[in-house]
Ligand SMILES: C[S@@+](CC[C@H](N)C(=O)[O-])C[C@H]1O[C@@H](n2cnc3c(N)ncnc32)[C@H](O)[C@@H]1O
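Presented below, as structure tokens, is a lone chain in the form predicted on its own.
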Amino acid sequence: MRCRVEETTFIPLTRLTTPSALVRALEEEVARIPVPLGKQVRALSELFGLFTGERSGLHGSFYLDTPKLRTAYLRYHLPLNVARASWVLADVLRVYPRLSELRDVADLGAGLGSASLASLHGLPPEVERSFWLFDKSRSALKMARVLLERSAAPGSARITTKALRLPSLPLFPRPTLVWLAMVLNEIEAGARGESPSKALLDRLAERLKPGSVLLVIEPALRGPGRSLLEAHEGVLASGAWRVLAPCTHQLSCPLLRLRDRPWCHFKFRWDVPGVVREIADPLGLDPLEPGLAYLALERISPGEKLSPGEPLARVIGDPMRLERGGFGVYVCENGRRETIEARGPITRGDRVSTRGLTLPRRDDSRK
């Protein structure tokens, strides 16, 4: 049954622009690369070959240790992933402003530091923060440090890099903002037996102090997206976490019960910088609307009672034409997937109020 919304409040996220300080840092680094643009474009095409097939080709591949692939990643995937992490950070800050109080940022599987760069530019600058970047590639960490130092205001950040191979974890002496950005799908590639992602999340629950926040970003593909839904169920069952976003509730995910195996993913508008366009255009790439799947979690104290969540629904589908006319969208609200009539501008990822329904709602999660 469709739901008619008499009065709907839409809370959209604005179009993202890459911070100018980061663009300058990228341009400076690119200017130092003694490789013709044509070869850089071919390297980006080769890198895309590794990222196809649900990223299964990444198993055992240290692509960030290969200079030509690292350069391609720097020019295209790094700024794109900074934009993704910035979108997630802005969305979580809307529902959990206390995130801005955390002074330590730990970037696990940091690569070239996309999540750290998003945190540097997306969190309030009044707080001096310590950034801890961990990755198996020392060359990637070296470049990540350069980009952070070049784009940070003097004295605004303390930066530490350390070679570390997951699932090994550092110590977290204080409540910390922890990132797993485009990491879980890589450690799952080629894995057999127990899920490495589940084991890693369980270990993080043991290590992190209450008040810590974990932000997980995955590609907007069915495989990683469905795996993230299953991870969501696991963290809920553990009792160690509060789900901050994208869910607006603390209930089981309705998408796991649907026969067509949908997954929760979002997209946003991005002003693509010229340093990206220069290498993307020859391949016909247009990253104007990046996609992602994500999960934001707060580590809670043992036995802490969870609130039911905020009185909003999350839009989890694109506008679609309804049989009766007009347009509707799928929303997730209180553990149900429902269809509401869309009035006014609305897009996937928005949080909406559905007060004032004129027709009774019905759970469609078993269709």
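As the structure is a prediction and not an experimental result, all values here were calculated from the model. Don't overthink the numbering: it's just position in the shown sequence, from 1.
Keep in mind the form predicted in complex with this ligand is missing from the figure; the text below concerns it.
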Exercise for the section: Counting only non-hydrogen atoms, choose the one of 253-261, 206-214, 131-139, 89-97 that falls within 4.5 Å of this ligand in the predicted bound form. Expected result: 131-139
Practice task
Only one of T248, T71, N81, S197 comes within 4.5 Å of this ligand in the predicted bound form by heavy atoms, so just point that one out.
Solution key: N81
Fill in the blank from the handout: The one option of L292, V272, M182, V105 with any heavy atom within 4.5 Å of this ligand in the predicted bound form is M182
Practice task
Using the partner position in the predicted bound form, report whether R150 sits within 4.5 Å of this ligand, counting heavy atoms only.
Solution key: no
Exercise for the section: Using a 4.5 Å heavy atom cut-off, state whether L166 contacts this ligand in the predicted bound form. Expected result: yes
Practice task
Evaluate V315 for contact with this ligand in the predicted bound form, applying a 4.5 angstroms cut-off between non-hydrogen atoms, and reply yes or no.
Solution key: no
Exercise for the section: State yes or no: in the predicted bound form, is some non-hydrogen atom of G122 no more than 4.5 angstroms from a non-hydrogen atom of this ligand? Expected result: no
